[in-house]
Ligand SMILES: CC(C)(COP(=O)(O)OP(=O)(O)OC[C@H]1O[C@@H](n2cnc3c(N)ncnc32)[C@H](O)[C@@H]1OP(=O)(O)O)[C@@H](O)C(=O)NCCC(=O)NCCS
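First, one chain by itself: the form predicted alone, in structure tokens.
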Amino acid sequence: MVADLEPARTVALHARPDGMAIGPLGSDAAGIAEAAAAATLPGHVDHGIWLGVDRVEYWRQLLHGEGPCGRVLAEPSRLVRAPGGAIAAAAVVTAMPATDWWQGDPWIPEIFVVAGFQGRGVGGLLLEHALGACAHSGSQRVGLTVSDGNPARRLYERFGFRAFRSTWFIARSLWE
């Protein structure tokens, strides 16, 4: 999905739900991986995508700018901690390099809210901040990927995201 950015869009971190703290993403790959796993529990449309994936290594690579998504953009990326310090949510925005289907604008490879914190406005707060920070830096648009059936799609659409490309994945293990 892609959202066009308005130049006047502001960076906003106004309402912190339930005393949560919003701050820089940091580099705690293990902690973020554990929280991300708690956002896609069994029954979630994206749960199966992660089976057999070393999430800590995935997050280590993502946070260090290794792989196809590019380097993490510090200002639009944020981590939300619940009272007591547990990770409740995160948004990662990267400088996605240009490809044959993407112009090289910011990309959100990961945004999640731990299941117990969903429905409190945390995801919207993270998106509002990410889009505002990207617009403030002069970016024209932001992209992200969402699976069919993911309830977060409604949130993305409220923030102006629209479909621009479809990708299909085939699980080889079904035929092996």
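Residue numbers run from 1 along the displayed sequence. In this text, all values refer to a predicted model and were calculated from it rather than measured experimentally.
Below: the form predicted together with this ligand, not depicted.
Give me the residue from Gly65, Gly124, Gly48, Gly26 that has a heavy atom within 4.5 Å of this ligand in the predicted complex. Comparing distances to this ligand in the predicted complex, the residue within 4.5 Å is Gly124.
The unique member of Ala130, Ile32, Val142, Ile111 whose heavy atoms fall within 4.5 Å of this ligand in the predicted complex: It is Ile111.
Could you tell me which stretch in 65 to 73, 143 to 151, 130 to 138, 51 to 59 has residues with non-hydrogen atoms within 4.5 Å of this ligand in the predicted complex? This holds for exactly one stretch, 143 to 151.
Please check if Phe161 has a heavy atom lying within 4.5 Å of any heavy atom of this ligand in the predicted complex. Answer no; every heavy atom of Phe161 is more than 4.5 Å from this ligand in the predicted complex.
Just to confirm, Leu155 within 4.5 Å of this ligand in the predicted complex by heavy atoms? Yes.
Heavy atom contacts to this ligand in the predicted complex at 4.5 Å, residues of 24 to 49 in sequence order: Contacting residues: Ala39, Thr40, His44, Asp46.
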